[in-house]
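Take a look at this single chain, the form predicted alone, given in structure tokens.
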Amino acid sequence: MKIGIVCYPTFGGSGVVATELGLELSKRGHEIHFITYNQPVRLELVSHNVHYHEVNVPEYPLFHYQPYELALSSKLVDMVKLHKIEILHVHYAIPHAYAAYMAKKMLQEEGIYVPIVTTLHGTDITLVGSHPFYKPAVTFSINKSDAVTAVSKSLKDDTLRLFDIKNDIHVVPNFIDLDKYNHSFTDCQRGMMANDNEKIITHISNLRPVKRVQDVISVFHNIQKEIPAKLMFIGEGPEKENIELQCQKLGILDKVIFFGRSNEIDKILCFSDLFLLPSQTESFGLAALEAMASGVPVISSNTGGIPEVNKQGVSGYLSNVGDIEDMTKNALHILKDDARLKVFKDNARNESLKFDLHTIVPQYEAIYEDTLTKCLVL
């Protein structure tokens, strides 16, 4: 198949999953065309089966906000015609599904029919899409897609609750390439982060308020009162200054390492003993899954799709949002007993096997094939 993929080319989960999906599909013999405004961050190699087409938005003084949706629609039309793309897979309802539908209608005027598969990732539904200004456009885009997927059952339920959806929504969870998590790093590298007697606690996010990063600091503060520990913070975002001040006030700044946007997440996770994810909401919890794939148990909130990934009492523990005391208790329960910690580490790795890309990607292939077949009938 010749597949066009539209996504945000950023460090966010949707962009990462879309890029990894395209790369794996290319290895399975499909021709993949990424169509977006920048080269996706994990798209390191463009080959005969992987292509990148940049969407340029001309600057016009007439527009207060430059019309990206219009530029994207036009680019999609051109790329479908030039490369004979058979199906479009767009990640996020708006603006991508909206732009894809406009491209589809323009192509139909020329006798070309290209079906649209839309994947819902979270904020397009729970944050942006539920706003009254955008709700009609989101509803329209989802209902006009030829197939719709959501990354968790929780997100599917939210979508059906918030919008008047006529389409079926298939749950296809996020995934990871487990082959990338077979680490062989040396102990001396661990020594660069913590002493032998210290447990390593890790958090990875874009440090937005929804991630409740102050709770990460509070839980860690309680942990380090009981056992020697270090906290690894990976990511950049608007809350960074606030949590640095919080660490300073608590007198634990010397026990927290801020890595910013790191390219060595696999090394940090390899030596981690516990992962904290106390988010206000998560449509899936990809960061938790990446930690589990490295054999790191997870202490998380019980919101959104996280319980579909982190299994209570198996790969870690779930607590109510903001329940610092319960998260601390669960963390210490795991960390204070090395034998128990090993069991949780093994369990975390085993639970992650359910989300291997070799299991999930064929589900997308089946949806493409089914969608194309239905379109041929029509």
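Each residue number is its position in the shown sequence, starting from 1. These numbers come from a predicted model, not from an experiment.
A second form of this protein, the form predicted together with a small molecule, is not displayed here; the remarks below concern that form.
This chain is displayed alone, yet in the model of the complex one of Phe220, Phe284, Phe233, Phe275 has a heavy atom within 4.5 Å of the small molecule; that residue is Phe284. Per the 4.5 Å heavy atom criterion, the small molecule in the model of the complex is contacted by stretch 275-283, the sole one of 275-283, 74-82, 240-248, 96-104. A residue is said to contact a partner when one of its heavy atoms sits within 4.5 Å of a partner heavy atom; Asn206 meets this definition for the small molecule in the model of the complex. Contact check for Thr139: no non-hydrogen atom falls within 4.5 Å of the small molecule in the model of the complex. The shortest heavy atom separation between Gln224 and the small molecule in the model of the complex exceeds 4.5 Å. Though the partner is left out of this view, His121 does reach within 4.5 Å of the small molecule in the model of the complex, counting heavy atoms only. Within 4.5 Å of the small molecule in the model of the complex, a heavy atom is found for every one of Ser14, Tyr92 and Lys211.
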